[in-house]
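Just one chain is shown here, as structure tokens, and it is the form predicted alone.
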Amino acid sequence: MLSRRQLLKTGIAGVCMLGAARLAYGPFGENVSAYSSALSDQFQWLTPQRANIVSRFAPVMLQGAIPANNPARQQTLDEVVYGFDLAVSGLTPAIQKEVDQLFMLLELAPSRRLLFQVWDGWDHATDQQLADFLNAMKNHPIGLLQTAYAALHKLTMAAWYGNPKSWERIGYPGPPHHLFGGVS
């Protein structure tokens, strides 16, 4: 039987735990802004929030590969996000589910804060913070996080290098025309 003192202590401890959990979750409302581009309505897998996360990571992962000036940069970034969506859409349902779990982890404020030390959300993170996060994820002692980094990296690279517009920047003439009938 609980005494009145034990009941009060338990109640106060419960309130403190709920308050700490609420503080760890962060402010009410959207944790991730919605991404919008001319290609957004063609996404098959990405939600606007997940597209926004991809748009934040892609320039850091493709540093030096995408144009630096703003109009061309934004168009290229839109194409990379669209390519990321195409790449994930082409995966098997089981792997899509794993990528889905990765994005749930990235979207959830407590996991972003506790695992990745990104406190203010992906929209407010600087490119250096994102690069530090990606580097920490790549070299993390937990193998699952290394795998998560590899998935993000490979999907972003597939999105970029799968676009024939990127080939000119790297001097790749494209696949031989006699094998594939040419790529326009």
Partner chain sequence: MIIDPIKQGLASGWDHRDGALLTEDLTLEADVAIIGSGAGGGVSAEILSQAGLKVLIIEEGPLKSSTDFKMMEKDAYPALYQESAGRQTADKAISIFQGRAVGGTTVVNWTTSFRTPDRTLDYWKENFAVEGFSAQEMLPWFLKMEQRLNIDTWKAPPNENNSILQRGLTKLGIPSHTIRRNVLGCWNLGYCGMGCPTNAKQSMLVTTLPAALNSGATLISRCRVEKIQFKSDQVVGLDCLALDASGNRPSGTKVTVKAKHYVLAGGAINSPALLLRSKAADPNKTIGARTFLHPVNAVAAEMPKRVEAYSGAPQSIYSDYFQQQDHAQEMGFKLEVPPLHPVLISIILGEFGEHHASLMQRYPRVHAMIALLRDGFHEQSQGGQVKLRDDGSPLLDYPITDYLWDGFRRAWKSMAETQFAAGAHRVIPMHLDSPVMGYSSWQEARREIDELPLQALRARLLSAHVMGGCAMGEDPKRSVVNSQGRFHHADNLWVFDGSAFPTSISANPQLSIYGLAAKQASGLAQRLTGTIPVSQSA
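Values in this document were obtained by computation on a predicted structure and should not be read as measured data. Positions refer to the first chain, counted from 1.
Although not depicted, the form predicted together with the partner chain is the subject of the following passage.
Note on contacts: among Gln42, Asn135, Thr47, Gln117, the single residue with a heavy atom within 4.5 Å of the partner chain in the model of the complex is Asn135. With the partner chain omitted here, the record of contacts in the model of the complex names 61 to 69 of 117 to 125, 61 to 69, 34 to 42, 48 to 56, defined by a heavy atom within 4.5 Å. Put simply, Met104 is far from the partner chain in the model of the complex: not one heavy atom of it is within 4.5 Å. The partner chain is not drawn, but in the model of the complex it has a heavy atom within 4.5 Å of Ser89. At a distance threshold of 4.5 angstroms between non-hydrogen atoms, Gln96 is in contact with the partner chain in the model of the complex. In sequence order, Asn139, Gly143, Gln146, Thr147, Tyr149, His153, Lys154, Met157, Ala158 are the residues of 139 to 158 having a heavy atom within 4.5 Å of the partner chain in the model of the complex; the partner itself is omitted from this view.
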